[in-house]
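We begin with a single chain expressed as structure tokens, specifically the form predicted on its own.
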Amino acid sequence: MNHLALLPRRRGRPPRDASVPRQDTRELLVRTGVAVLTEKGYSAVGIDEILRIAQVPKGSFYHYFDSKEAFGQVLIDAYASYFAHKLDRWFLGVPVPPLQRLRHFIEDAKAGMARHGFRRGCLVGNLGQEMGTLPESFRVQLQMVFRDWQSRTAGCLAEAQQAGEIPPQLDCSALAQFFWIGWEGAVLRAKLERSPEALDVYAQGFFALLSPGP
């Protein structure tokens, strides 16, 4: 999943300020786009709003991106890469039990939402909810992102299973899929209510499912 090799075709005028490196302007647009879309979604945001926040002229946008759809594809890739690194940071090579790694990820995600007043959710989750009105090119891209996150989470759960934290009969891939389906719903609810309660309720229920029992 990498549209960066195809996008964007260079056209339009470069940034007005020659002292600002062009790649920095492109990265500024991507960072701004990710931040805005995690809060408002794709359909509700126009290019002009992103340009106003980033303080970048419209000609510079079209120098880097052919269209809003092309920009959206790059934003999905950028967010997917950022989040994959976040998951690896919590799940891999850390000297704590595997289930505790997952708990730490949840707490970090909760703290991140709280830092922004629960106004921002998950860019991939936001776009998934809008899919009925989005470019069709986003569909497979978003599905692949979720599958990647599920795979990384399944690896952590498999380690927990090997450590005896999870009963051996449980399917770690199915559990990881279940986690992300439920987690995205909890993030939506937390954003709606401007509260961490939904995240806590979901986490408590998920870990209860993993308990080996008496």
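Position 1 is the first residue in the sequence shown; the rest follow in order. Given the structure is predicted, the values throughout are model-derived calculations rather than measurements.
Only in words, not in the display: the form predicted in complex with a further copy of the same chain, which the text now covers.
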| query | finding |
| --- | --- |
| In the predicted bound form, segment of 52-60, 66-74, 27-35, 171-179 with a heavy atom within 4.5 Å of a further copy of the same chain | 171-179 |
| Triple contact flag 82, 86 and 157 to a further copy of the same chain in the predicted bound form, non-hydrogen atom at 4.5 angstroms | no |
| a further copy of the same chain contact at residue 40 in the predicted bound form, heavy atom, 4.5 Å | yes |
| Interface membership of residue 150, a further copy of the same chain in the predicted bound form, 4.5 Å heavy atom rule | yes |
| a further copy of the same chain contact at residue 44 in the predicted bound form, heavy atom, 4.5 Å | yes |
| Exercise: residue 128 in contact with a further copy of the same chain in the predicted bound form, heavy atom 4.5 Å | yes |
| Residues of stretch 127-151 in contact with a further copy of the same chain in the predicted bound form (4.5 Å, non-hydrogen atom) | 128, 129, 131, 132, 133, 136, 139, 142, 143, 146, 150 |
